[in-house]
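Only one chain comes next, encoded as structure tokens, the form predicted on its own.
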Amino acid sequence: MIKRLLFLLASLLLAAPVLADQKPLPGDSVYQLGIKLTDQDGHTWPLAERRGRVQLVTMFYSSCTMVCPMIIDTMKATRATLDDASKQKLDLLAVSFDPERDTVDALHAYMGKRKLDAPRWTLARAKPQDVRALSALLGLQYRQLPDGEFNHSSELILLDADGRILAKTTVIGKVDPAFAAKVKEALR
């Protein structure tokens, strides 16, 4: 009888990580949005595939010469506040507002130009209707102007491993200490 209980207990312990992965997503998870993204290397995957790691997320477009480079720099600077072990636990995702011009090749070139290291960094594009749905879910607003540029809000969004929004900041161009503290806390 004791052997059976020990066997059952060992089986449950071995299955625990698998069972944890099969938990339903929380109702407020961004990953409930059933969209697919295509990254700078041409791989297409469901947004929910990001589950399991803390994410720093934003939206941008690569031809922007105004605030988008500052958004990316702010993400880099926020990551730079972390120790090396924590840096490896944080993924950074920037999704384009401009899927028409931000092709896979354009995103790949931007990765190199901005010296963004994969696999921690991912630049992605989606179908236009999915870009709209994701931006609405994240609380980001944008509109395309007649000249092809975009007016958009600028925020960094921290997601926990299940895709729930933990914190946001509109501080761009420098590190927001309160937001950086939330990132550190999420990675503990």
Partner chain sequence: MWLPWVVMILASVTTPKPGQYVPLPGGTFASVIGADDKGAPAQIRPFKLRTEPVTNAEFLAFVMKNPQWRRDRVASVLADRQYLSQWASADKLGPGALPQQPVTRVSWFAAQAYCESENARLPSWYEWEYAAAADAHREDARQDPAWRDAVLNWYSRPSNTPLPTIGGEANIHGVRDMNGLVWEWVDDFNALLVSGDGREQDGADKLRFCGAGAANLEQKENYATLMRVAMLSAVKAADTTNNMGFRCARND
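Numbering follows the first chain given and starts at 1. Predicted, not measured: the structure shown is a model, and the values here were computed from it.
The discussion below concerns the form predicted together with the partner chain, not included here.
| query | Which of 124, 140, 56, 47 has a heavy atom within 4.5 Å of the partner chain in the predicted bound form? | reply | Among 124, 140, 56, 47, a heavy atom within 4.5 Å of the partner chain in the predicted bound form occurs only for 140.
| said: Since only the chain is shown here, I'm wondering whether residue 162 would be in contact with the partner chain in the predicted bound form (any heavy atom pair within 4.5 Å). | reply: Contact check for residue 162: no, nothing within 4.5 Å of the partner chain in the predicted bound form.
| message | I'd like to check something about residue 132: if you look in the predicted bound form, is any of its heavy atoms closer than or equal to 4.5 Å to a heavy atom of the partner chain? | response | Output for residue 132 is yes: heavy atoms within 4.5 Å of the partner chain.
| Does residue 29 reach the partner chain in the predicted bound form, with heavy atoms at most 4.5 Å apart? | Output for residue 29 is yes: heavy atoms within 4.5 Å of the partner chain.
| query | Using heavy atoms and a 4.5 Å limit, would one call residue 172 a contact residue for the partner chain in the predicted bound form? | reply | Output for residue 172 is yes: heavy atoms within 4.5 Å of the partner chain.
| query | What residues, if any, in 47 to 79 have a non-hydrogen atom within 4.5 angstroms of the partner chain in the predicted bound form? | reply | Contacts from 47 to 79: 64, 66, 67, 68, 70.
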